[in-house]
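The form predicted on its own is given below as one chain in structure tokens.
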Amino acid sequence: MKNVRIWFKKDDACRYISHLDLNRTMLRALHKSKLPIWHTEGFNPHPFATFPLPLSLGFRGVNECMDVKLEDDDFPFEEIITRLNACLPRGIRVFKVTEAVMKAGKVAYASFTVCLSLPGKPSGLVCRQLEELLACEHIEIEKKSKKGRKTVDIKPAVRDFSVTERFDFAELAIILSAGSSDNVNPNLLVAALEQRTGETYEADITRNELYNAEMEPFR
């Protein structure tokens, strides 16, 4: 039995399906593809699949992955790509299959591209507002969790960032803490900016890559 990592993109209308629905979609595709995937045992066997770090609703994902177990160690990876894409909706496309190298628990950071705009306002203004926010010693915002709401400082979660002015939006490239112990959603940063300026921004967010604690790409 071989552990493999299936890499895919999530975009278009599929950006707006929840992680639970994505899980269901992938399980159906695995079932329909008739790939030699190991199934769970018990009363209701189903293809076994796990996701190292769920993608937030509405985000684009250009380098997402899920882990499965192959019962046939010699099954060609290209055949997995072909069969799955034939069973998946437009907006989800598998582009690579590899052997799993790192465990999911090794994820420590994620990189994002956040495109922000203010209708009727110049993109240079949004760039300055972002730079001023990220220059603050503390960035405090109310965060919702299973235990309720609490105010948190998300500035320590910012590993690196850059702000670039585009024609009609500000582009923020940022690396934030991610994983099971410390996971900061970039929507919190947008909320903190709105709280600071009193404006309402249009945000388009893409998750680009996951990393371990040493900033090595998750593989």
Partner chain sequence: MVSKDVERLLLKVQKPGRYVGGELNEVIKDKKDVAVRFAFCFPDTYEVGMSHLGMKILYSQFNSVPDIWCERVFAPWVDMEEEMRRHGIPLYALESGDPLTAFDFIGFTLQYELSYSNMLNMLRLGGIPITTEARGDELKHIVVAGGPCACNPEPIADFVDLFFIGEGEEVDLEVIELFRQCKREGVGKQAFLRRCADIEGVYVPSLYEVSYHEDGTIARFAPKDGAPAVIHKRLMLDMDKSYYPDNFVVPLVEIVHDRAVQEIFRGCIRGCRFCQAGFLYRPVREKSPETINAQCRALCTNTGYDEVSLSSLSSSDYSQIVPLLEKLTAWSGEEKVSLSLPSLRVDGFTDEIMNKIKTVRKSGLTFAPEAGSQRMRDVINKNVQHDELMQTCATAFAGGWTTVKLYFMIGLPTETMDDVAAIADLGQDVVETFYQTPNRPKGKSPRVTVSASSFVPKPFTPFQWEPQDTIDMLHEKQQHIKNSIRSKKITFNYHDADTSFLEAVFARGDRKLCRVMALACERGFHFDGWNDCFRLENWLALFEECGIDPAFYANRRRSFDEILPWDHIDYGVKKSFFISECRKAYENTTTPHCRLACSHCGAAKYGKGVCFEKRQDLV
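Keep in mind it's a predicted model, so treat the numbers as computed, not measured. Residue numbers count along the first chain shown, from 1.
Below, we turn to the form predicted together with its partner chain, even though it does not appear here.
Of the stretches 188-196, 173-181, 156-164, 36-44, only 36-44 has residues with a heavy atom within 4.5 Å of its partner chain in the predicted complex.
With the partner removed from view, the residue among Leu118, Leu88, Ile141, Cys115 that has a non-hydrogen atom within 4.5 Å of its partner chain in the predicted complex turns out to be Leu88.
Shown alone here, Thr25 lies within 4.5 Å of its partner chain in the predicted complex, counting heavy atoms only.
Interface membership of Lys9, defined by any non-hydrogen atom within 4.5 Å of its partner chain in the predicted complex, is ruled out. For the chain shown alone, Lys32 is a contact residue for its partner chain in the predicted complex, at least one non-hydrogen atom being within 4.5 angstroms. In the predicted complex, its partner chain sits beyond 4.5 Å of every heavy atom of Leu210.
Counting a residue when any of its non-hydrogen atoms is within 4.5 Å of its partner chain in the predicted complex, the hits in 3-30 run Ala13, Cys14, Arg15, Tyr16, Ile17, Asp21, Arg24, Thr25, Arg28.
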